[in-house]
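For reference, the chain that follows is the form predicted alone, supplied as structure tokens.
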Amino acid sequence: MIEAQNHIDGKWSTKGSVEIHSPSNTTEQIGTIPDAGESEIDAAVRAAKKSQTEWQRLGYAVRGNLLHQAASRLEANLDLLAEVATKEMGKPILETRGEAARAAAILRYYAGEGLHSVGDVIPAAKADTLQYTTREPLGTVGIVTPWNFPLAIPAWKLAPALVYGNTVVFKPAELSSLSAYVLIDLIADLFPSGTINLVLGKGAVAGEALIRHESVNAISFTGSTTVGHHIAEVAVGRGAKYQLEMGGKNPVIVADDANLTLAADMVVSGAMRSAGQKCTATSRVIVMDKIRSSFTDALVQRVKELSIGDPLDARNYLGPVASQAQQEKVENLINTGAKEGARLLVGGSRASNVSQYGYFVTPTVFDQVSIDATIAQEEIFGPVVGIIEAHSVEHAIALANNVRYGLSASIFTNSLDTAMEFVNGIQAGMVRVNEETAGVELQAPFGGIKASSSYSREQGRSAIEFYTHIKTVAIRPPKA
């Protein structure tokens, strides 16, 4: 049992009153979280604002060193972080171990940013003038994270915000609040009071108070498209900077000359790991008509072999989806797919044989999916993939682009010409060849286009563009 608390101005307070149960066994209570509201958000924002100048004055190198120490704390507690995350949101333990290690690596990467250049010297019209740029923090940043990556996404927002001199108020999704609490509990004492503030509560109350607070200078959000658009409207209305990473409907194209074994393996990984609960998960497979039958057979066979069950058992490939609401959403979309004419090849039901007390959904494959079908257009966020037929690579790219999202996309081919046609024609922020759609390395920019993103980028060096502003300086010596 974990009794999570808020962390405000260096102090832990308000023990949890809301019960949290495991999605793999709803009879098991794993902890409690607070139900914070506007007053806690206000206190956290005030603390962050008060401490920001002192934090900025410490300098990049000192801030980077503190992130190095925080990374070491996480590395020493990977098993704890993984177990809590798995129990809380159902991701298989091997995946949460990898995610915990990635969170530590992200802190380590941004610690190194403390020694990198943050500006340029620019020639001036007057020879005796020194003109240059530097970067300064935005101030207080509100960080709102989703439940599907309860360790890595907070890390890739917190780390750059902090190393560039901002203070933060962190509001995680309710479904990942225990993981957020453990994460912050491990590192909070390393930082000056008020630098990192954690508030646990409902999005409609605590989250709304955070995005509307007049002293929050910027908001970094990952989550649903609907909530993201609301945050953008609020931020624009009060002049705050915002960064949104939202949904995806990510396609894989399988060309005539593809390695079908590799393609089937990567589609399974991209579509079914984490029970499909990734914004970069493979959701559509667009296959050339000449190889559709052989590829479909290979994909279905692999899906039938997947093990589903207790996510703490490393032998299981899939655990549950994260909540009852998520289970019902996925089931409704599966039913809609069948009603709209798609052919169900495997899965399509609750995995009641695994546990009657868990939110398990069997891995599901459809074919004969119409490009206009709901399951071809809407994000499912579950272990469901649909096969769509194409007659050429050009046709496949057009089908792939025929959605409102543009996050990640991949193609499987042995032709460089085909690969480059795809790279140049696909509408997505992240493009991969002979790789699954899910994931991107931590040193590379992450983000999408169209309805997937606000066109900013997270991770890598690109994070500096959001968490700082440029100050242009010109210095001319006084005349004698």
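In this text, residue numbers run from 1 along the sequence as written. Keep in mind that this is a model prediction, so the values were computed, not measured.
The same protein has a further form, the form predicted together with nicotinamide-adenine-dinucleotide (NAD), not shown here; the description that follows concerns it.
Of the listed positions (H230, R350, R108, H395), a single one reaches within 4.5 angstroms of nicotinamide-adenine-dinucleotide (NAD) by any non-hydrogen atom in the predicted complex, namely H230. Distance criterion of 4.5 Å from any heavy atom to nicotinamide-adenine-dinucleotide (NAD) in the predicted complex singles out E379 from the list E379, E99, D310, D367. Within 4.5 Å of nicotinamide-adenine-dinucleotide (NAD) in the predicted complex, a heavy atom is found for none of L306, Q327 and L333. Though the partner is left out of this view, G90 does not reach within 4.5 Å of nicotinamide-adenine-dinucleotide (NAD) in the predicted complex, counting heavy atoms only.
nicotinamide-adenine-dinucleotide (NAD) in the predicted complex is not approached by S72, whose heavy atoms all lie more than 4.5 angstroms from it.
By the criterion of a heavy atom within 4.5 Å, A204 is counted among the residues contacting nicotinamide-adenine-dinucleotide (NAD) in the predicted complex. Mapping the unseen interface onto this chain, S224 counts among the residues with a heavy atom inside 4.5 Å of nicotinamide-adenine-dinucleotide (NAD) in the predicted complex. Contact with nicotinamide-adenine-dinucleotide (NAD) in the predicted complex, judged as any non-hydrogen atom within 4.5 angstroms, is confined among 260-268, 167-175, 134-142, 72-80 to 167-175.
Taking a 4.5 Å heavy atom cutoff to nicotinamide-adenine-dinucleotide (NAD) in the predicted complex, the one contacting residue in 395-412 is L407.
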